[in-house]
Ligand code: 13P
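To begin, one chain is listed below as structure tokens, in the form predicted on its own.
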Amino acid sequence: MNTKLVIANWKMNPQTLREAKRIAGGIKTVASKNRKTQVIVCPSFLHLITLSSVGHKPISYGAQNVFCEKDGSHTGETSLSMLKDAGVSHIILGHSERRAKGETSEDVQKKISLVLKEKLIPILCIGEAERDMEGEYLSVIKNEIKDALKDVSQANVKKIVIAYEPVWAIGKTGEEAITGRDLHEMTLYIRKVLSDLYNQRTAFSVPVLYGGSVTGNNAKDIFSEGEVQGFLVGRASLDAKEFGKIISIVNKA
């Protein structure tokens, strides 16, 4: 598998369009020098259309969420057609922060089907809230994958990106993030679940990313030891210089 991805999830940041343009411009500079890695920026909906229309090639743009209905009277929601018109290529789905606000596995599954039908790429987020000594957290991961991919064919699952983001690691310092060894065990488990659902060849065709307190200091060890294809980065992606370090590390690996 040669796919390498680094995805920026800006969440509800930055607070001005001017700052968003500045950060995107800085990321573009680094991405232009690291062409072996695909860089995707997922800004707020408010900033998305302006940034994508300006263009920052080779950066691609993604969305942080989408509503599970195609259209209709849904105040405050954003449809897939709107996002496609705005020029997005990827859409983050099932993020733990969305799930914490009430998003269900059924919602995630429905959104994945919609996104695939429109030939865009779903970024499926999975991750346990905590780790227990009995290994129950593995069941959480298994069920999140099975529920989300319930109606996804073998051909279509290859078009999905899986981002493993353990909730307990989000927002921590780089030193508190997962070790490369522990991450490797999890990527093997994710591929085992995919293999059971489809087959081994298909399981290894799906890119698996890691997210959760990734920094320029720990990215190298996590990437090389964890056997992932890249990162979904939150806080560090708002610092073009720090995010650039992560991109460079992945690109050189």
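Note that the coordinates shown come from a computational prediction; the quantities given were computed from them, not determined experimentally. The numbering used is simple: start at 1 and walk along the sequence shown.
There is another form of this protein, the form predicted together with this ligand, and it is not shown here; the text below is about that form.
Taken together, the three residues Lys4, Leu183 and Leu209 lack any non-hydrogen atom within 4.5 angstroms of this ligand in the predicted complex. Taking non-hydrogen atoms only, Glu97 approaches this ligand to within 4.5 angstroms in the predicted complex. Remark: Val140 does not count among the residues lining this ligand in the predicted complex, judged by a heavy atom distance of 4.5 Å or less. None of the heavy atoms of Glu128 is located within 4.5 Å of this ligand in the predicted complex. Proximity of Ser213 to this ligand in the predicted complex: non-hydrogen atoms within 4.5 Å are present.
Of the listed positions (Leu114, Ala169, Val108, Ile160), a single one reaches within 4.5 angstroms of this ligand by any non-hydrogen atom in the predicted complex, namely Ala169.
Residues are counted as partner-facing when one of their heavy atoms sits within 4.5 Å of this ligand in the predicted complex; in 32 to 48 not one qualifies.
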